[in-house]
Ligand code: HEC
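First, one chain by itself in structure tokens, the form predicted alone.
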């Protein structure tokens, strides 16, 4: 049982015009990330504040930590430049694919006193991943299933060589996944329930893996009340989206011209402007093949990363392998290889315009 957790036509031209208009309206200031959205009600703001406290809380064995875990708090792996941001390069979570049991999930690498490390099963595949930023997830959750499917073009009807598809978790609600690096989970709440159990060892009833709804430490289960998961959900969903530091219309035009916007769509849906993702999974080529099959997402297939707050990152991709933006662009393979090649063929002025655009997001 699974538990886890290009040719550009008139439509893209319209997309570009809309995105340019939105960027031009953005304030020419650096917006602080991680705070609450301005449209939260008083009750939502109160839940957001409780969720922030839960997100930064450090658990101990006496409060349910472990017995196996990766970190004592959510914020340990999502903290740059603020709580809710990307994780440090020094912390890479182990994701295990056990072909014998068809298990995909976190394999914690720490344990409380008196316990032994968890072994990698014979034939198991391990991939190490950095905690992604959580900014903008509340907007992504509002993208409809129909919008996601319309974004993907799995049969490549437009002939651009890009064949994205949705990843459906049949053990949950049967809906396309939005969250997780391979898009395995459809809701923030489910994602948080899974992460509490898998990453910190905090049992809860929202986590859908019955094996991890209980553990054998001395703390009664569930170790986190459902209300805690609800508050964490309110916090993650209520975080403000970092606005671009400045408008870069020339760079945006290059971004679209070379084909980046085919997958990094400026608007994922009507209620998710500025996301720069289609929320589909795409082949990134053999160099990105982890060997982990996560439902219908193959090892070389990854969800298009949203670009909210990109300027707050210093390394890129799921494992931080790219140390700067030019390297990140050049590493794109598979369905995105054409865009990387078109970027490489650009003149220096256009390349720099694109880099300035990305660095302002």
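Residue numbers count along the first chain shown, from 1. Because the structure is predicted, anything quoted here is derived from the model rather than measured.
Below, we refer to the form predicted together with the ligand, which is not included among the displayed structures.
Trainee: Among 241, 143, 275, 93, which has any heavy atom within 4.5 Å of the ligand in the predicted complex?
Mentor: Among 241, 143, 275, 93, a heavy atom within 4.5 Å of the ligand in the predicted complex occurs only for 93.
Trainee: Exactly one of 268, 252, 234, 196 has a non-hydrogen atom within 4.5 Å of the ligand in the predicted complex; which residue is it?
Mentor: Selected option: 196.
Trainee: At the 4.5 Å heavy atom threshold, is residue 360 in contact with the ligand in the predicted complex?
Mentor: The answer is no: residue 360 has no heavy atom within 4.5 Å of the ligand.
Trainee: Would you classify residue 318 as touching the ligand in the predicted complex, given a 4.5 Å non-hydrogen atom cut-off?
Mentor: Heavy-atom contact with the ligand at 4.5 Å: present for residue 318.
Trainee: Even though the ligand is not shown here, does residue 137 get within 4.5 Å of it in the predicted complex, heavy atoms only?
Mentor: Answer yes; at least one heavy atom of residue 137 falls within 4.5 Å of the ligand in the predicted complex.
Trainee: Determine whether any heavy atom of residue 68 comes within 4.5 Å of a heavy atom of the ligand in the predicted complex, and answer yes or no.
Mentor: Residue 68: no contact with the ligand in the predicted complex.
Trainee: Honest question, do 149, 175 and 295 all end up within 4.5 Å of the ligand in the predicted complex by heavy atom distance?
Mentor: Checking in the predicted complex: none of 149, 175 and 295 is within 4.5 Å of the ligand.
Trainee: Among 72-80, 118-126, 149-157, 217-225, which stretch sits within 4.5 Å of the ligand in the predicted complex, heavy atoms only?
Mentor: Within 4.5 Å of the partner lies stretch 72-80.
Trainee: Across 251-283, which residues bring a heavy atom to within 4.5 Å of the ligand in the predicted complex?
Mentor: If the 4.5 Å heavy-atom criterion is applied to the ligand in the predicted complex, 251-283 yields 255, 258, 259, 260, 263, 264, 282.
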